[in-house]
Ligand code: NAP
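Presented below, as structure tokens, is a lone chain in the form predicted on its own.
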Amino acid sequence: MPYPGSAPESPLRVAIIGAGPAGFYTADHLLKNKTLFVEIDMFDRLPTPFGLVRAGVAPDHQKIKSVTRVFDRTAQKPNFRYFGYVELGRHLSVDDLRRHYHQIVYTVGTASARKMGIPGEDLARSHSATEFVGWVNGHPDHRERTFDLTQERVTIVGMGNVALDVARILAKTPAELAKTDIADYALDALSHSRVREIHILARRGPAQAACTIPELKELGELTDAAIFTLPREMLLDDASREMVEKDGQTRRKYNILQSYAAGTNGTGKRRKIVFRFLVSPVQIFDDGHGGVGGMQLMHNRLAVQTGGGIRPEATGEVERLPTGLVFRSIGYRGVPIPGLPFNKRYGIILNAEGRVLNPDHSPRPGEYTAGWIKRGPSGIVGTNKPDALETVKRMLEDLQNGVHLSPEAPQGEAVRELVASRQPHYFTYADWQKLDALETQRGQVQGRPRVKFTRIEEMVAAVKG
């Protein structure tokens, strides 16, 4: 029996919710299938596409941001439509989607930052790294945030790439930042920053540092910041030494950190970044005025667990670290979507290999997920490509087995009319291209990649007049 997508006169209608890397890779895999006749509608709550590539990748990482050229080619295909500034749960419901599509893929990412769960975490000048990265990138949700850059000492909890992004942006000179697409207001604020010392904390040792080698090396190339590690914390236990000896990547990372001992990568620099290992924050102290005044650290040792994992254990030794500004960078959690089962423990949509599951773990026909909301916040931008492929394989298997939604009104014009009635200011991909050209033109005046519109009302006014 023919299934949707098996013939041009009965195309498979797919809705993708979220215009980040996972969404675009999902669309690309579907559109490249030569045996499938598919029409894809992609929705995003912001007018602008590309998700964290636009608003989460650090502004000085233009090479990573260039992946949007690949996404742009996908969006140019005639059987792809973009509906920006259309929010699920506000303008459309899950039931609306079921009435119009054979398959739905949720690629909304993980929007909430994890908390440390320690006393003092909610004091003034204690923030998530997510807020800061969104702020420097001009994300509309974060552009109104303020960060007290009069503080001379900053502490970043976590040692993944996002933590290093925060440290690098705080440590760069105005001249270095002025070459990027950082938001204008952030460039101005950072140009007047009084930050002089940045501590990056890891609860495990240098062999377990979560950052990648390029990001680690990049810190050593800063114009006006020296990098330090503490000799005591660079000592390896037996299990860590074995990791360094057996794994080339771990060995390279460790050697880079060793090269930063005592700040030997540069002298006479105004700022310094200090890597700290085997320490866990247990309390943030009040400065007496409701703001961050310091942090208590617990020193750790590493213990090998059953199964080979290496975990930190508290030694009982504590240390007080003076600091005036704190960023936590310890991961993300997804936010539940009304009408969809949610795994609260992991902060993801309940799923198996991309198939959305009911609470009893039976598959929900025609509903899928990909990206961080599927697997949790792990990997880099490119990790989403094989992740999306796994989901698409499950979609095609189900389709050929006759498992899909049976929409009442699958016609593309019916969707467009519904969206227009609920959100008349929605953005097409042509609208985004116009905004993109305007941002690029504004950047050329300043010798920068682009100068972003950072308020949604400004985006609408610029494009829609």
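Keep in mind the model is a prediction, meaning the values are calculated, not measured. Note that residue numbering follows the sequence shown and begins at 1.
Another form, the form predicted together with the ligand, is not on view; read the next lines as being about it.
Looking at Gly158, you'd find a heavy atom of it within 4.5 angstroms of the ligand in the model of the complex. Shown alone here, Ile64 lies within 4.5 Å of the ligand in the model of the complex, counting heavy atoms only. Residue contact with the ligand in the model of the complex: Trp372 places a heavy atom within 4.5 Å of it. The ligand in the model of the complex is approached by Ile330, whose closest heavy atom lies within 4.5 angstroms of it.
Screening Ala388, Val162, Val154, Ile227 for any heavy atom within 4.5 Å of the ligand in the model of the complex leaves a single hit, Val162. Site annotation in the model of the complex: the residue of Ser378, Thr315, Gln76, Gln305 reaching within 4.5 Å of the ligand with a heavy atom is Ser378.
Look at 206 to 214, 290 to 298, 390 to 398, 145 to 153: in the model of the complex, residues with non-hydrogen atoms within 4.5 angstroms of the ligand sit in 206 to 214. Annotation for 88 to 123: the only interface residue with the ligand in the model of the complex is Arg114 [heavy atom within 4.5 Å].
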